[in-house]
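First, one chain by itself: the form predicted alone, in C-alpha cells.
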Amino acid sequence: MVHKKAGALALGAALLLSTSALAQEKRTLTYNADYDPIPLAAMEALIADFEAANPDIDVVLNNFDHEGYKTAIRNFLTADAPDLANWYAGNRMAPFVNAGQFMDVSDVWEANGLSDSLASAKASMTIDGKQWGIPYTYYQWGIYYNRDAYAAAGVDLPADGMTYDQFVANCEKFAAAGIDCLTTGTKALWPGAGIFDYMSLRTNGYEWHMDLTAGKVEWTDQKVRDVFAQWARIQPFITKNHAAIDWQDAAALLVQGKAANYVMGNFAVGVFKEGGMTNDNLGFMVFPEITPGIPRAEEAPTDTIHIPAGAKNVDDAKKFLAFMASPEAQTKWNAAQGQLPVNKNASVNTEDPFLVAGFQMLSTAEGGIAQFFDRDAPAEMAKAGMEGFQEFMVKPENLDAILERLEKVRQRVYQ
C-alpha cells in the first residue's frame, strides 16, 4: 500500500509538473476592451475559437465600461500597454497614431490580402500610407422611409440612382400632402450631424470632408457654404420642432406616417418595428447623389482593434488581428451583435433586408467610410459644430454668424 501510494503521489507530482510546464509554455496575450454584455459574449466566444486554434496562447480580456475606457486608454497606452486595445477608425485613432502609441500593422494587411477584403474601410484605417489597426464591425447610416407615407402623398417609391434634385422635388409633394419630407430629433444634437455628414460627403466628397473634420478647411470657405446651400433646399421640409424632440420621438413620426424619410443609423430599425412598422412598409435607401461623379462615400461608425506601441507580445497580437479580420470571425461576431462585418467575404443575416442592404451599400462604397461627425472631429469642435447644425435647421438665416463662430472654434481647437 505504501509503495502504491508513493507511486500515486509521484505520478500526481509528475502531472502537476507537466501541467505547470504547459502553463509556463503558454504565451499570454492581454486585450483591453469596452464591450457591452451582448458583444462581450460574442467576443468571448471568438477568443475561445482563437485559443482552440492556438493552444499555446492564453488571451486575457480586461473589459471596461465605455466611458471609463475613454479615460483609461490614455493612461494604459502610456504606462502599462496591453497587447491589444479596442478603439475607433478615422480621426479618432489619429491622435494615438501621431503620438506613436499605436503600431503600424500594414504587414498584417499585406500578408492577409486585407486591402481587398477590407477595402471599404481601408481609407479610414490609413494614415501616412500605413494601416494602424483592424476594423471588424460597422453599421450603416442612410435614409429610412415609410412606404405608406409615399403612397399617401402620391410619390413614387425611391429607385436606385435617385438624385438629390428628385428627392427635393418629392419634398414639395410631401409638403402639399401635409407630411414632413424629412424628420429628425436634434434635442441631443447628434442626429443633425448625420444629415450634415451626408450633405458634405455628397457635395464635396470623402477627402474634403475628412480635411474639414481634421481642421484643415476654414468653416467660412466657399465649399462649406456649398454644403449648407444644398441643405437649405430641404430645410423647409424638416420637422419643425426637431430641436425640442429626441430621435425616438422623430422615429414615432415616421412610424405614424407623419414623416416620410429619416436620416438615421441602422440601430433605429428595432425602434421602428417596436412602433408597429414591418418590412412591408419600412424601406431603406442610399442617400442620393448631389454632385455628379463624386465617388460614393458612406457614414458607418467603425469599431477597431489595435496593437499598442508598448505591446509585449507583438507576434501573437498580429495573429489575433489576422483572425479578427477573417470572414469567419467577422460573420460570427456580427451575427451575434446584429451589425455588419467589414470583410466583404463575410456573410450577413439574409432574413434581415436592412442588414443585407447595408452590407451591399458599404461593401461597394468606393469613396470611403466616414465615422460620424462627433468621432471624426475633436470633442470641442464636434459639440460646436452640432450646435451650429441644429441652429441652421431652425434659423438658416443665421448661417454667416454660425460659420464665423465655428471658424473661431476651429482656430482654437486645432492649434
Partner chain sequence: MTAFWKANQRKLAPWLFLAPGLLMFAVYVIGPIFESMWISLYDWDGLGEARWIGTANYVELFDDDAFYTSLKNNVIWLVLYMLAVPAGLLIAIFLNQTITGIRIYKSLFFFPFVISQVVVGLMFSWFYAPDFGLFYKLIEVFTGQGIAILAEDRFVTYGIIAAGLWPQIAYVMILYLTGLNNVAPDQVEAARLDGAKGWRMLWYVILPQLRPATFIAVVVTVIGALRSFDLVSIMTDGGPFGSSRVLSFYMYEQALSEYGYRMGYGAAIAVVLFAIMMVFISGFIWKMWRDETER
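Take the two forms, superpose them, and find the largest set of C-alpha atoms that agree within 1.5 Å; that set is the rigid core. Everything numeric in this text was worked out from a predicted model, so none of it was measured. Residue numbers count along the first chain shown, from 1.
Omitted here: the form predicted together with its partner chain. The next part is about that form.
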| property | result |
| --- | --- |
| Interface stretch in the predicted complex with its partner chain - options 308 to 316, 242 to 250, 272 to 280, 322 to 330, non-hydrogen atom within 4.5 Å | 242 to 250 |
| Among the candidates Arg296, Lys344, Lys187, Lys130, the residue which, in the predicted complex, approaches its partner chain to within 4.5 Å (heavy atoms) | Lys187 |
| Contact residue in the predicted complex, chosen from Gln140, Gln101, Asn170, Asn86 - any heavy atom within 4.5 Å of its partner chain | Gln101 |
| Triplet Phe196, Thr220 and Lys223 all within 4.5 Å of its partner chain in the predicted complex via a heavy atom | no |
| Residue contact check: Tyr150 to its partner chain in the predicted complex, 4.5 Å heavy atom | no |
| Partner proximity in the predicted complex: Thr163 to its partner chain, non-hydrogen atom cutoff 4.5 Å | no |
| Non-hydrogen atom contact Lys383 with its partner chain in the predicted complex at 4.5 angstroms | yes |
| Any non-hydrogen atom of Ser115 within 4.5 angstroms of its partner chain in the predicted complex | no |
| Residues in 55 to 81 close to its partner chain in the predicted complex, defined by a heavy atom within 4.5 Å, in order | Glu67, Lys70, Thr71, Arg74, Thr78 |
| C-alpha of Met93 moved at least 2 Å between this form and the one not shown on rigid core | yes |
| Core-superposed comparison between this form and the one not shown, Glu67 Cα displacement 2 Å or beyond | yes |
| Inter-Cα distance between Met93 and Gly367 in the predicted complex, nearer or further [3 Å or more] | farther |
| Note on Trp208-Gly100 C-alpha separation in the predicted complex, which departs from the shown form by 3 angstroms or more | farther |
